[in-house]
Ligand code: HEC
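Let's start with one chain on its own, the form predicted on its own, as structure tokens.
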């Protein structure tokens, strides 16, 4: 029987309008510390619930068609299934929409910007960014704030979460979105039950063999996909210094102008083609893969690394990507292991799902991936 630090999950999320001073109780097991929380945005149940409504509200966009959820779908671990994200007016971005599971633990929040370290600040990019446009709201701030303020839900929820800021504005919207995203914690996969709770039958024999291969030296997977979250990007409330990892995986030589990597920010030649290491939690439901969504499935990812990348001679390619020999049986086992990292409860948790009723203005015109119901 598993023991949790907290009461039942329903207790955590009860009361959409709980006083903002109420302490937030993290849905975490004893072995997982909480993520860090900025001093100017302490967690509360009311704030998280407000953020959930905003996350699914397409009225944050210029024409009411794009919500955060348009590119971050719960059933896909808050990715969208597309190669690259699609914003307002069908504008296609250059990069794959990253998953938001455990986003609060990531010290860097985009594929290749080491300075994008705050969930609250990052929210401004999809809202007001222009290259490419995502939600297209730049210059429409007052119109959007008034649109939200007219909704009876926000009229009550905003002052409940922010007594000192009782109306929708950049302060309340970005902080509520940050709090909600910080609550998107996924640490209850079959592998967790096997590894941390001692449930020997929680994963298959194939997944157990795949675990051995994953952590074996010929394949080197664990060097970049390490630790509890299977990434070398990590910060917790107990972390003295954040761990940050960017790598060139040999996808292109040279890299396309639209996807230069970390070099775009740093200007250093050695950062060409370097992108953030994503977590492998829920990886089986987050296809397609890589920063540009150019690899359609996990088998293709393993083939990429077995071949030492598409551009094996790139001078800045990570030295660990040297290629390896792998059998079909070993591929099947590694994939079985990766599939054991899927947290089904996270993908279906009502506490993080769409709170708006069908036909509500928040979702009436909202764009979603073609195979996802609005």
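Everything numeric here is computed off the predicted structure, so don't read it as measured data. Positions refer to the first chain, counted from 1.
Below: the form predicted together with this ligand, not depicted.
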Fill in: Partner-facing stretch of 84 to 92, 236 to 244, 156 to 164, 195 to 203, counted where any non-hydrogen atom is within 4.5 angstroms of this ligand in the predicted complex
84 to 92
Worksheet item: Among the candidate residues 331, 341, 321, 316, which is the single one with a non-hydrogen atom no more than 4.5 Å from this ligand in the predicted complex?
Response: 321
Worksheet item: Of 260, 98, 107, 190, which residue is found within 4.5 angstroms of this ligand in the predicted complex when only non-hydrogen atoms are counted?
Response: 98
Practice prompt. Answer with yes or no whether residue 276 is in contact with this ligand in the predicted complex, where contact means some heavy atom within 4.5 Å.
Written response: yes
Practice prompt. Report yes if any heavy atom of residue 186 sits within 4.5 Å of a heavy atom of this ligand in the predicted complex; otherwise report no.
Written response: no
Worksheet item: Might residue 181 be said to contact this ligand in the predicted complex, defining contact as any heavy atom within 4.5 Å?
Response: yes
Fill in: residue 55 within 4.5 Å of this ligand in the predicted complex, heavy atoms
yes
Worksheet item: Does the trio 126, 219 and 251 actually contact this ligand in the predicted complex, every residue with a heavy atom within 4.5 Å?
Response: yes
Worksheet item: If you look in the predicted complex, which residues in 110 to 135 sit within 4.5 Å of this ligand (heavy atoms)?
Response: 110, 111, 119, 122, 123, 126, 127, 134, 135
